[in-house]
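Only one chain is included here, represented as structure tokens and corresponding to the form predicted on its own.
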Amino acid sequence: MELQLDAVMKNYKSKQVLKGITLTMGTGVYGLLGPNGAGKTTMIRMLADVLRPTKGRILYDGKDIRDLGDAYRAKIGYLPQDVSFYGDFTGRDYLEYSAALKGMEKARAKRRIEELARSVGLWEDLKRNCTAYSGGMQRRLGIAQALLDDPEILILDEPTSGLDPHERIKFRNIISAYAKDRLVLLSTHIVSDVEQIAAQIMMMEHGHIRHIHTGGEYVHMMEGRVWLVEMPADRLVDFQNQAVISNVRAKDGCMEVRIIEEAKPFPDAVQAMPTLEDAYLYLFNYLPEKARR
């Protein structure tokens, strides 16, 4: 299975949101990272066939998804960034309605609803009205909906928004177990969502896919560029406008500052083990600006 974007562009009136993206994805989990406004949701919605490109094509196994139509959409499980619920629907009503829209046979739908409701921790709440759910519960219900028909392609836009840390871990476990022989695309601005489960991580900025690497490759890229230095709090106030800082914590009456810099920033700075989050900050706050000089 192969999903391709071929020189895909998207304009909203005079604003160009996607700028000629060419990309090929196969089976496995792909993470799509980028700041708000990078174009992630627009790209996700086009892959879900909710939006059409202004220019370029999206191909499934070499065939344009516009020509495939319903045959392509039947292969997709899609969780949008914002999920709407009918006011009088219970959780079970919503999942049964979603199953009917997907053309699922009733007995199979019933089994899948029970299985997924238990997996996402909503089995005891299926009789409650959706609109009475917390934000995290609504997100878990949306995840169950996306997985209902055991789709070949799973497209998730900010899937862990509103989930607490325990729920986020459960979600990652569900996706890891599900992803075998399937394509999962997970769009987020939360680095930890993709760090543990994505085989390939794409970093997007200003309508471009700037980088595609494994998590390990991003971390390796940062070796020798992450430093720890201690300084008083009043000095940090001035220094934070002069450097890329990935973390700060109080330590022994001063501040321990994690700095991302090419060269050793202070004589007493010591190297630190890099992380994917360091790479994210480095690439979006440092490299692009220097590259444009």
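Each residue number is its position in the shown sequence, starting from 1. Owing to the predicted nature of the structure, the values given are computational and were not obtained by experimental measurement.
Omitted here: the form predicted in complex with a small molecule. The next part is about that form.
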Taking 4.5 angstroms as the heavy atom distance cut-off, pick the stretch from 22-30, 228-236, 259-267, 37-45 that is near the small molecule in the predicted complex. 37-45
Report whether all of Y12, K15 and H189 sit within 4.5 Å of the small molecule in the predicted complex, measuring from non-hydrogen atoms. yes
Any of the heavy atoms of Q81 lying within 4.5 Å of the small molecule in the predicted complex? yes
Would E158 sit within 4.5 Å of the small molecule in the predicted complex, counting heavy atoms only? yes
